[in-house]
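Single chain ahead, by itself, as structure tokens, in the form predicted alone.
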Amino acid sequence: MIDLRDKNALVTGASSGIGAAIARRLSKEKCNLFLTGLGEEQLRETKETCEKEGVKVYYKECNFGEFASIDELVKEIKSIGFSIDLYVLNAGISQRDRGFDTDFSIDQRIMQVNYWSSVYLVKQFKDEILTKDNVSMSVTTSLAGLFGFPLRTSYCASKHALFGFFESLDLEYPNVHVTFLIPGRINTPISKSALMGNGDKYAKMDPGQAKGLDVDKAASRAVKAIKRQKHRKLIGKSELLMAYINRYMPWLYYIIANKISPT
């Protein structure tokens, strides 16, 4: 069990959804925060909420679809001397279209935001990470990162990739511990910003998403897993059974996955 009091956490995707909820939960643990994501007003609101817990909170808007924007974020973090103990890598974008109906540029964009941005970000701090005794990383993947699912080709691929890179990183460096947060359907607006094959936003709340686990409950379970240094934590409701069905009864998984509504 690790104590987060007076530790410093960088939270990406902190302007809404799971990222903002985790930030709020971390502030209750008396953890100082640097928040980043899209939407300066939303980031400021999260900052003000977290500051009520008596912790230091900084923020800077960042477009994780552009390396140059990440460079500016890194420059800001280093300039204020914010030494990161916990990386909460949560920035991401979803998808709502079939593979061959999705333009390749959209495949690239999803991979950039969901995968490459997190890899690029932590590598900018590699010198600092290597000199610390203990560094924690929380990587938000997805239930869809454990298997394929309709209308999620590139989304699934990007979440699969996170497992490959960060699990290897954990094994390579004794001072680095990675916790994979694996949410199922959580009640967040992620479907509204999901990309269609032509790049347009899906702009609708999935009925399944609306009935998902409350986001603050999800964040509470996430932070508990981080503190206990679990390697993997499934977070959700009954949909989590799909992880076990896919692993132990793959033939049944294919039957069920073709019948479940992807929205």
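As the structure is a prediction and not an experimental result, all values here were calculated from the model. Numbering starts at 1 and follows the sequence shown.
What comes next is about the form predicted together with a small molecule, which does not appear here.
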{"query": "The single option of Gln124, Thr153, Ser136, Ser193 touching the small molecule in the model of the complex, heavy atom within 4.5 Å", "finding": "Ser193"}
{"query": "Distance check, Cys50 to the small molecule in the model of the complex, heavy atom within 4.5 Å", "finding": "no"}
{"query": "Touches the small molecule in the model of the complex: Pro189 (any heavy atom, 4.5 Å)", "finding": "yes"}
{"query": "4.5 angstroms heavy atom contact with the small molecule in the model of the complex for Gly65", "finding": "yes"}
{"query": "Distance check, Leu86 to the small molecule in the model of the complex, heavy atom within 4.5 Å", "finding": "no"}
{"query": "Partner-proximal stretch of 171 to 179, 124 to 132, 98 to 106, 137 to 145 relative to the small molecule in the model of the complex, 4.5 angstroms, heavy atom", "finding": "137 to 145"}
{"query": "The small molecule in the model of the complex reached by all of Ile18, Leu38 and Arg185, non-hydrogen atom within 4.5 Å", "finding": "yes"}
